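Before any questions on how it binds or moves, here is one chain, the form predicted on its own, in structure tokens.
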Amino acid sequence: MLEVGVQTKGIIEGRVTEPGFAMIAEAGFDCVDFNLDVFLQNNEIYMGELNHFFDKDEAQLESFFIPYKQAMEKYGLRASQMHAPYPVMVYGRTQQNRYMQEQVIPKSLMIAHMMDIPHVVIHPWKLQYRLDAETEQRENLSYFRSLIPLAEQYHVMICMENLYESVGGRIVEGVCADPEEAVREIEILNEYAGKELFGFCLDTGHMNLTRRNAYEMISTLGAHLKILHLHDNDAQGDLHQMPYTFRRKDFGEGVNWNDVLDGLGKVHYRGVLSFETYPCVNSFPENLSLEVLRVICQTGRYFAQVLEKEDAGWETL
């Protein structure tokens, strides 16, 4: 049976650690996507108002995260992936970017190793709309290549994610939104490394915002697809809602989940079915959080059943 996971953001933050993990386990999940990015949030980074959490030395950070690891073990959970703080690079912020690249990301990979997390999502750099696509690709290859020694040292796979951008009030494709380009970059990086140290994280919400066909995108990614961010939206905002929220039969602007499952079946995906749906959970009153998580988990179980059928067939929704 394929494992099902959910992100910790919006569940663990603001709660005592153990009750949050206990609720995730009670809802039926096997795994979590550990959101390290809540400790240095993207709005802080974009505004240039970084906190000092990652000023801690490695011993202090390890001591801080031991209770999280112990709580997961207590409730029979494991962290299948981690989201590192992002963005790593904000154009024109030389000192801040150096701190992100020399302090935050190396320590994030160390934490992943300490917590036995095999995959870490690191957002690629956004440069094509400030400079050009060729510079964006060159700078990303250079930066991610520099992470090879850390990936080897900490025994983690670094995953790039498909992103979108807002330009002139319109949503447009961002870095890694084109699966063919993403595959080329991953293959170049793995060739540099001499082993498979880089993979891809497919974000279904970002995919829907950029109007990419799910089946074609997943088929193109193939074996490079290692982890998932499963969530839905109305093709206008990055809403992070549960699947099927915006689609009924063949109508609506939401993710086409039949195409997603077709694609995952074609590439024989056997990773964790991991949901990135914290705004959905937090849309409901707090005393309904457990029930909402149960619905999300059961959706993952349904996905798993579909993918595990030999004929990969199901009733059209």
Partner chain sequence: MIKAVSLTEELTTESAAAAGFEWAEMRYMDIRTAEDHADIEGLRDSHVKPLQIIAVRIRTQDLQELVQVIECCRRHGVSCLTVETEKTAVSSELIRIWLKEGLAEADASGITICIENSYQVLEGKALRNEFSEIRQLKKLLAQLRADQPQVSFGIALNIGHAGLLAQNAAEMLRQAAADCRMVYVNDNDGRKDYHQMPYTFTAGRGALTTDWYGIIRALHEIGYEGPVIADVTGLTQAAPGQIHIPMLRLLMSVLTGWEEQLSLEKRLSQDGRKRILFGCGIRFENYMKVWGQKYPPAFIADNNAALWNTEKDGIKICSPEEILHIPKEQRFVLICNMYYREIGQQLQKMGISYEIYDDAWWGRFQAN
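It should be emphasised that the depicted structure is a prediction, and the values quoted were computed from it without experimental measurement. Numbering follows the first chain given and starts at 1.
Not pictured, yet referred to below: the form predicted in complex with its partner chain.
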Seminar exercise, completed: None of Glu152, Glu73, Asp238, Glu216 but one has a heavy atom within 4.5 Å of its partner chain in the model of the complex; the exception is Asp238
Seminar exercise, completed: in the model of the complex, the residue from Pro67, Gly252, Gly28, Gly48 with a non-hydrogen atom within 4.5 Å of its partner chain is Gly252
Exercise. Tell me which of 266-274, 28-36, 59-67, 283-291 has residues with heavy atoms within 4.5 angstroms of its partner chain in the model of the complex?
Worked result: 283-291
Exercise. Though only this chain appears here, would Gly205 touch its partner chain in the model of the complex if you measure heavy atom gaps against 4.5 Å?
Worked result: no
Problem set entry | Distance check, His113 to its partner chain in the model of the complex, heavy atom within 4.5 Å | no
Exercise. For Met157, is any heavy atom within 4.5 Å of its partner chain in the model of the complex, or not?
Worked result: no
Exercise. Heavy atom to heavy atom, is Tyr244 within 4.5 Å of its partner chain in the model of the complex?
Worked result: yes
Exercise. With the partner absent here, would Thr135, Asp178 and Phe198 each sit within 4.5 Å of its partner chain in the model of the complex, counting heavy atoms only?
Worked result: no
Problem set entry | in the model of the complex: members of 147-180 within 4.5 Å of its partner chain, any heavy atom | Tyr164
